[in-house]
Each structure stands twice: as structure tokens, then as C-alpha cells.
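First, one chain by itself: the form predicted on its own, in C-alpha cells.
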């Protein structure tokens, strides 16, 4: 396996270099998606399947679609009169090398063994009723941070919507696919979407005890929604839809309500009563899945650019 790991490391570095050096935007996007999939394999080799699932779903899947859509829209804009000069390119390269060097130094200078709260987390894992330590850390040990991360996603959607012209406010984003999508894409969307929905729900449900969770499950559901929209089987929703906005904030809102009920139920903010921690965590994650599955496609779809009836 050492040869496999060395080959994987060389391949990751090679794809990263090729992605940076690619002159065509679409080629760079393809390289980025391949790079994300290779990183997912790296995380599997590091025995971090939760991170690998997130990298594959977000790093390659959702972000890849976002970059493809962005490259398509950028190609329609007027091109710059002159490309960046050598000075700017050298400055960007020097900054990249500096950041990489600082990160490498930070990793290499860590004490051996590195400081860790893992033993304490494992010791208290049984109190949460969960078998997956990652889910326990995210929803129990650092629940306030996790809630704020979802709030950031909602604010990102609001920021995207805010750049829409006034005449389109309340309307729909532009379609993600061409007017006449390829028949193969339509077939893929019809076949893959139902399977992906089952996998996404299953990944959320088993996330309490096995690798998975709300973010991974929600990301897969979001990817299925984007595939369906790219195949033009459905259109991006109107942003003034009450049900859409309710789904958008459902996860953070439920998370906050449970946190505020903590002093009454368990004596402190974001605390869970003994014996009810796992049901409450699954209840929170169910709404988080919904919000993530709605938020990510909205970020990809962009601001409304047409009236709702069009």
C-alpha cells in the first residue's frame, strides 16, 4: 500500500499543477473536480470517511457544478482587453508559495503526539447516545459553531439574491441547463435522482452511528436537485416562495430553538437532557438536511434574472 499512497500523492500534486496551469476555464474546472475526487481517496486512506464523503459531495459535486455554471456565464461577458501582467502573476505565485510554506511549517512543528481532545470526546460519547464521534462533535460538543455555519449558508443565499436587479426581485434564477438538454443528461437525471434521494436520506439516518450525517446527506440531495434542474425536468424556484424560505431557515431555526430550550431541559444552553440526546440530535439533523438540500442549489442557481411567470 505504500506504493499506492506514493502514487496517489504524485497524482494529486500532478492534477493540482495541471489545474493551475490550464489556460482554458473548462479544462481547469474539470481538473478541479478530478482533484477533489482524488482528495476524497486520500481522506479514505487517512481513515476519515466522513471527510471523504464531504469532499466528494461538496468539493467535487456541488462546487464542480457551481464552477461549470460560473464558467458558462463568464464566457458571455466581455473579455478583458489585456490579460494579467507578469508582475501580477509572479505576485500571486509568490503568495501561494508563502501560504503553502506557512501551512507546511505549522504542520511540521506540531508536537508529537499532537494535543488532542479525542480521549475526552470518546469518554463522553455514550452520554450522547451516538456511535459516530464526528456527529457528536458537530451537534453536541460544538453545536453553537455548527448552527452558525448553517446561518452563514443562509446569509450567502441572501447575498446572492441581493445582486438581482429590482425588476426581477421575487422571480426565478436563470435555468441551469440549455433549452434542449442532451437526451443522455435527461435519462441520467430520471434514473439517478431517485437513487440519489434514497442514498442521501440513508446517509443522514445512519450518520448518528456510522460515517455520514446531515451535511453529507443534504449535499447528495442538493446534487440530485441540481442534476434535475440541469436536465430541465424542473425550473429553479421563485425566490419569493414562502415554502422555499421556510425550508431555507428551518435547520438553523430548529437548532436554535432546541438550544434555547436547553436551560429548561438540561440546565444550560445547547444541552440535551439525559436519555433524549440522540432523538433531539436526529430531530435537528432532519431539518438541517432540508435546509442544506435547498441552500446549495440556490447558491448554484444564482440571483433571480427573470420574472416568476416566465
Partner chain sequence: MSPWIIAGFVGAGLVGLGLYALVVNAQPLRKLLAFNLIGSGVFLVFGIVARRGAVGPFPFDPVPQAMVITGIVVAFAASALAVALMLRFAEETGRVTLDPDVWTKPKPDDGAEDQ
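In this text, rigid core is short for the largest set of C-alphas that superpose within 1.5 Å between two forms. Positions refer to the first chain, counted from 1. What you are looking at is a predicted structure, and each value in this text was computed from that prediction instead of being measured.
As for the form predicted in complex with the partner chain, it is not shown, yet the points below apply to it.
- Among heavy atoms of residue 282, none comes within 4.5 Å of the partner chain in the model of the complex.
- Although the partner is absent here, residue 37 is not a contact residue: none of its heavy atoms lies within 4.5 angstroms of the partner chain in the model of the complex.
- Not displayed here, the partner chain is approached by residue 58 to within 4.5 Å at the level of heavy atoms in the model of the complex.
- The partner chain in the model of the complex comes within 4.5 Å of a heavy atom belonging to residue 111.
- Residue heavy atoms within 4.5 Å of the partner chain in the model of the complex occur in exactly one stretch of 184 to 192, 171 to 179, 227 to 235, 68 to 76, and that stretch is 68 to 76.
- Contacts between 132 to 169 and the partner chain, taken as any heavy atom within 4.5 Å in the model of the complex, involve 133, 134, 137, 138, 142, 149, 152, 153, 156, 159, 160, 163, 164, 165.
- Residue 180 shows a C-alpha shift below 2 Å between this form and the one not shown [criterion: core-superposed Cα displacement of 2 Å].
- Superposition of the core reveals a Cα shift of less than 2 Å for residue 162 between this form and the one not shown.
- The two forms, fitted on the rigid core, differ between this form and the one not shown by 2 Å or more at the CA of residue 91.
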